[in-house]
Ligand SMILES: Cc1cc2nc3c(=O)[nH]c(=O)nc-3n(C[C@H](O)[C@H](O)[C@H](O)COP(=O)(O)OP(=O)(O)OC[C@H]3O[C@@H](n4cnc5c(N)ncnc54)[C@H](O)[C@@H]3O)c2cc1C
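Next up: just one chain, as structure tokens, the form predicted alone.
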Amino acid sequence: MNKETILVCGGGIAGMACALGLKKAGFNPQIVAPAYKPMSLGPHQYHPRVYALSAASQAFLEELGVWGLMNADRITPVSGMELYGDGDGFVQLDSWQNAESNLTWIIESGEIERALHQALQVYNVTWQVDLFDQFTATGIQTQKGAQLAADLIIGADGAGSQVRKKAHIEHHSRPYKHNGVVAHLDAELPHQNIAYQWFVGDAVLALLPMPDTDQGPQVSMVWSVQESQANAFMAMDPEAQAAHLQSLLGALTQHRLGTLRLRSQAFAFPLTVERSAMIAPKVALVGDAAHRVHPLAGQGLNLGLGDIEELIRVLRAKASYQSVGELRVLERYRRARVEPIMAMRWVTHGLHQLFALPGAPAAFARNVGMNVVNKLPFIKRQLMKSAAGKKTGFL
């Protein structure tokens, strides 16, 4: 085992996955984060936030030994996608076109966290219940005043990363002036394990398949909409929200899944596009602490897990005389992540800007483009392969 100490600041999915991966790769990680507190859910209740995991992320979680710890009844495989433009544009993607069983898997944030926390306990990873406060000459000082020595500090502490701020890592953020509104819905018709997405002007609506409940089929809604509309919706009482959504979604989806009814509390969060330099001497960022993209492609967590897998690979491949916190080592990590992060930012930001363009000529062009893509199997295979990511392995 490598005896150098690595502190992982952050106890969410990124932080837990990073610490577990480092431990399995032979390093000595410790987590510094608030205590893990699972959400209490009753029968047929689901965590409000869900993720679409790519094939590469699924393989990484399986390599960590986490995939099998998750409740299979709470995992929904997605075998197809239907994408609708703001005119007659349409693209249909099916996993069989890429010789795969599934395109992606829809899983609750809370279920991934539960499985990761269980695995961390099995591997006896130290969890310091505290928060990062500042750097010291030998490591960090926590908010409770503890002095922790470290050879490498990993910032997995989210979009508002204090590790990034205190390390003076270059960071750029631009708001979309849109909010993401999420909620779970009862659907009148079965989703058939298909994910749906509608581009309507500068708004994007996604309906992701979820496990059936005692009320029948269920989907998770991710609605990207202007701040003013999101704020007005969130200001409504629950009954008004339910009535508004039922009417709005019926019109937007043309009743593709029949009547849609609100079954959970709705939550909203601001959307931004963010990038950072990712590293400093003895410091590396992963996940939302390092970058954020528009959620229309559902790739945020996949990018974060890609960061973790690559960072572990780089640390394992370093020369024995090099420290895990050496800048030359961390530069290899940053360089390896530039292309996939930039490509995803370009795709998501570009699509958002394309559908936000006003005027009939722009609408005609983007809808014709969608229909052309739908008739080209080779292009569709490339889109699916890109979304699946690349499995590299690290153990």
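When you see a residue number, it is the position in the sequence shown, counting from 1. Computed from a prediction, not measured in an experiment: that's the story for all the values here.
This next part talks about the form predicted together with the ligand, which is not shown.
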| property | result |
| --- | --- |
| Listed residue that, although the ligand is not shown, lies within 4.5 Å of it in the model of the complex (heavy atoms), from 196, 233, 132, 176 | 132 |
| Proximity to the ligand in the model of the complex, single hit among 85, 180, 139, 80 (heavy atom within 4.5 Å) | 180 |
| Stretch from 274-282, 311-319, 287-295, 240-248 whose residues place a heavy atom within 4.5 Å of the ligand in the model of the complex | 287-295 |
| Residue contact check: residue 108 to the ligand in the model of the complex, 4.5 Å heavy atom | no |
| Distance check, residue 299 to the ligand in the model of the complex, heavy atom within 4.5 Å | yes |
| Residue contact check: residue 11 to the ligand in the model of the complex, 4.5 Å heavy atom | yes |
| Heavy atom of residue 98 within 4.5 Å of the ligand in the model of the complex | no |
| Site test, 34, 158 and 269 vs the ligand in the model of the complex, non-hydrogen atom cutoff 4.5 Å | yes |
| Residues in 38-52 with any heavy atom within 4.5 Å of the ligand in the model of the complex | 49, 50, 51, 52 |
